[in-house]
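To begin, one chain is listed below as structure tokens, in the form predicted on its own.
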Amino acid sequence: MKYTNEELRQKINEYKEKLSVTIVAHFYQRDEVFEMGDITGDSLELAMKTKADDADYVVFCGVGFMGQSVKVLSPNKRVVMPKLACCAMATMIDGFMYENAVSVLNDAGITNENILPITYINSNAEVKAKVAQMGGLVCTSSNAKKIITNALKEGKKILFVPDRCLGQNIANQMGLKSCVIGDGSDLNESDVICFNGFCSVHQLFSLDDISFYRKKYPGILIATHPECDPSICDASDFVGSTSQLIKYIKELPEEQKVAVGTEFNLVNRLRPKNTYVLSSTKPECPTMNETTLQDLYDVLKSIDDGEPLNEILVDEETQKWAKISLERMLAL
């Protein structure tokens, strides 16, 4: 039976009262789903907050690697997802492709002992585990600079996966040499060697978009996410993670215009006036927007029926190593 959104909200709230569940929603979720979240935030923030939560079930509204991170950090929790959506960037690399990337460095004369791998949190648990097994760790867009700064103390080459843009943007900020595997560069001359992955949404922003807003609104500020192409970040007034963008924009004077280069749903919620989406097309993450109120209702009903849908499971060995990669980051 199909319900209206208002009916679904009512039924979801009834299940929240009845069941031992916590609904977790990422910033990029569509508004009607985001509004149902008991805990909201960015990917790692959500995993950390749910770790301290005492509900039996975590209902994670986001994409697969995020649900995995919750399960890895809180193995005793039951984690379910209304929709088993996949982050496009995270699907660009798996364990086999990671090993191939390491082999490319080996072929260039860089031994495993001289490689320190760092994986962006936007990767699956298998990749996080393989990174940990080589002595590496996870980073987020907000702490990548700190993680790379600390990693360089070991005097090794940084293999950064999967997001080439984040890796290169941080390297540029730090005055380091970087390259992308396959771009023809001499790997031995680079400090940060990036895997060729990217966020398709953050590739939508162009220099033409920046020029358009600067001409239309003299004095406007441009704020972008470091998953954008380095040329976009270099032309921006501020570059920061989701939480950093929120803080930066919240602290601007109300009359200050700002164009923001990140996912539409987040930008649309930032503030009611003088905030623009830095794109001629709607930069909406298709997989983040797969989850609907109907999906959320269905998964809560399945828990109530004793047959939970879309439960996130991670095998014991992968979980052990993926947790190590996350804990190494958290220790810093």
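Sequential numbering from 1, following the sequence displayed. Since this is a predicted model, take the numbers as computed values, not measurements.
FYI, the form predicted in complex with a small molecule isn't displayed, but the following is about it.
Contact residue in the predicted complex, chosen from Thr242, Ser236, Asn124, Asn169 - any heavy atom within 4.5 Å of the small molecule | It is Thr242.
Single option in Lys130, His225, Lys157, Lys71 placed near the small molecule in the predicted complex, where near means a heavy atom within 4.5 Å = Going through each option in turn, the one that passes is His225.
Should Tyr120 be counted as a contact of the small molecule in the predicted complex, where contact means heavy atoms within 4.5 Å?
-> Because a heavy atom of Tyr120 falls inside 4.5 Å of the small molecule in the predicted complex, the answer is yes.
Please check if Ser43 has a heavy atom lying within 4.5 Å of any heavy atom of the small molecule in the predicted complex.
-> The answer is yes: Ser43 has a heavy atom within 4.5 Å of the small molecule.
Is there a heavy atom of His202 lying 4.5 Å or less from a heavy atom of the small molecule in the predicted complex?
-> Answer yes; at least one heavy atom of His202 falls within 4.5 Å of the small molecule in the predicted complex.
Even though the small molecule is not shown here, does Leu300 get within 4.5 Å of it in the predicted complex, heavy atoms only?
-> Outside the cut-off, so no.
Can you check 305-313, 7-15, 318-326, 21-29 and let me know which stretch has heavy atoms within 4.5 Å of the small molecule in the predicted complex?
-> Of the options, only 21-29 has residues within 4.5 Å of the partner.
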